[in-house]
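In C-alpha cells, one chain follows: the form predicted on its own.
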Amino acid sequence: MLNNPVQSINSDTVLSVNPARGHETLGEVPLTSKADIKKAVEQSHIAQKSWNALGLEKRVEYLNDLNAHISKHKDEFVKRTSQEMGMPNGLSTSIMDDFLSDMQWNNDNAVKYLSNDIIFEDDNEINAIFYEPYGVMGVIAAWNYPFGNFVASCSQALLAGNTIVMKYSEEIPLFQKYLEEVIQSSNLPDNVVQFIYGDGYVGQTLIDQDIDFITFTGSSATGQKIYEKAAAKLIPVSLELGGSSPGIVFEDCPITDDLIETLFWERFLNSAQFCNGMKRLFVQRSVFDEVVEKLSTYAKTKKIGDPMDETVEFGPLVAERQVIKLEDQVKDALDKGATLHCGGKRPDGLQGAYYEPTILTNIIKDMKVWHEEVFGPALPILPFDSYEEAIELANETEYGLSAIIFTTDKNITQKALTDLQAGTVNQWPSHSYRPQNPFGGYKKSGIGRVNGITGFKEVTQAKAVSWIK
C-alpha cells in the first residue's frame, strides 16, 4: 500500500490523483502565490462596483446565461467529479442536475426576494428596506459536492451584487480549473468570479486580504479559527461545518424495504462523505435487531468499485488519509467492545481509497465513532426504550446540522420537530432539502444559512431608508 498518497501541494503546483485507481496522477495546476491572491482581491473590488451597478434584473440575465452555459458542459463536470473525488457516475449526474435546478431557482426568485421592501407608507413619506451587497466575498469550499458547493456558496451572493474570490479544497484542483475555464468562456463580466488554488495556507492568505464577507464549508475546528479572524476584522461569516446527524426509528414505523433502503443511503450516499449525512442511528429496542439485520444484509449487496463504471453504486473515499482516519475510528470501536455486522475493512481486489459499508452496534460513549464526526462509511446503531431517551441521545453531540425521524405518529412527529436541536429536521418520507428551504446548523455545525429567502438575506446588508413623497 502506498504511504498516505493524497492530493498534495508540491513546491509550486497542486497535484490531483484518482482515488479509485491506485491514486494515479490525473494532473496538476499552478499554486496561487500570495501576490496573485492579493491581486485577485483588488480586481474583485473593482469589478464589484460595476457588477452591482448593473442592477438586479441584469445580473439575473447574466446568471441565467451562466446556468445554461454550465449545463452545456455537464458531462465533463460529471466526469471530473467521479474521477477526482470518487463519486459514482450515476450519482454525479443526478447531483449535477439537482444543483443546476437549485441555481435556476435562485435566478427565478432573486427579484422577488432581493427587491426593495416598502415597510411603511402614508400621505407624506415612504420607508423601505434596500438589500445591498457586502462587496467582495472570500469563499473556501469543500470537495465532497464540487458543483453543489459552488451553487450554495456563490449563486445567491452573485445575484445580490457581490463578487467572489473562491478556493476549493486542494483535493479537486482539476474540477476547479475546469469550472474556472467554463466561467471565463461565458459572458459573465471579468473578475466577478475568480479562483485561487492551494491548501489551508492559501485559504488563510485569502482571509487576511481586504475582503468583506467569508463563506467557509469544512470542519468545525477550521471554522472556529476563521470565525476568530473574521471577528478581528468585524466582517460577517457564513460557516457550514461538521455534523453528526441522528436518525431515530420508532417502533410504529413499518420495517419495509423502502425504509431499509432509505436508512442505507441516508448514511452511505457518496461513500458517507456529506456533512448532513445520518451519522448515528437510534432504533427502538423492540425493532432493533430486525433493523440491524436487514440493514446489514442490504449493505452487503452494494457493488463497490470504480465510479466510472455505470453499475457501481459505491465508490472510494476522496483520499487515502480519509481511509486511514476511518480505520482508526472503527478499530477504536472494536477494541472497546463494539460488534461488527458488516464491512470493517478495505474490499479485496481494489486499489485505491476504498472501504466497505460498515455497521457497528454495542456502542459506548467513549468510542470515537460516537463523539467524533465520522466522515466515511461507518454507522453506529444504538437501541432506545423511550421517546425521551431517543431525543436525549440524539442531542448528545456538539453538532446540530440535521436530524431525521421515522414514525407515523403525528404526536411524536410534532414534538420531535421541536425537541431535536438541529437546523434541519425531517420526518421521513418528507424532506426539506429544497432550494426554497434554508440550510445550516445549530451549535458547532455552523453559523448562517444558505438557500431560500433566508440565504438571499444572508448575503446582503439591510439598509433602512425613508423619503418624502
Ligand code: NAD
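Numbering starts at 1 and runs along the sequence shown. Computed from a predicted structure; not experimentally measured.
One more form of this protein exists, namely the form predicted in complex with this ligand; it is left out here, but the text below deals with it.
This ligand in the predicted bound form is approached by residue 141, whose closest heavy atom lies within 4.5 angstroms of it. In the predicted bound form, at least one heavy atom of residue 199 sits within 4.5 Å of a heavy atom of this ligand. A residue is said to contact a partner when one of its heavy atoms sits within 4.5 Å of a partner heavy atom; residue 204 meets this definition for this ligand in the predicted bound form. Taking the partner from the other structure, this ligand in the predicted bound form has no heavy atom within 4.5 Å of any heavy atom of residue 37. Scanning 260, 304, 226, 91 against this ligand in the predicted bound form with a 4.5 Å heavy atom cut-off leaves one residue, 226.
This chain is drawn without this ligand; in the predicted bound form, the residue among 338, 137, 275, 192 with a heavy atom within 4.5 Å of it is 275. Note on the interface: of 341 to 349, 211 to 219, 180 to 188, 382 to 390, the segment with non-hydrogen atoms within 4.5 angstroms of this ligand in the predicted bound form is 211 to 219. Against this ligand in the predicted bound form, the set 86, 266 and 354 makes no contact: no member has a heavy atom within 4.5 Å. Although this ligand is not shown here, in the predicted bound form the stretch 151 to 182 places heavy atoms of 167, 168, 169, 170 within 4.5 Å of it, in sequence order.
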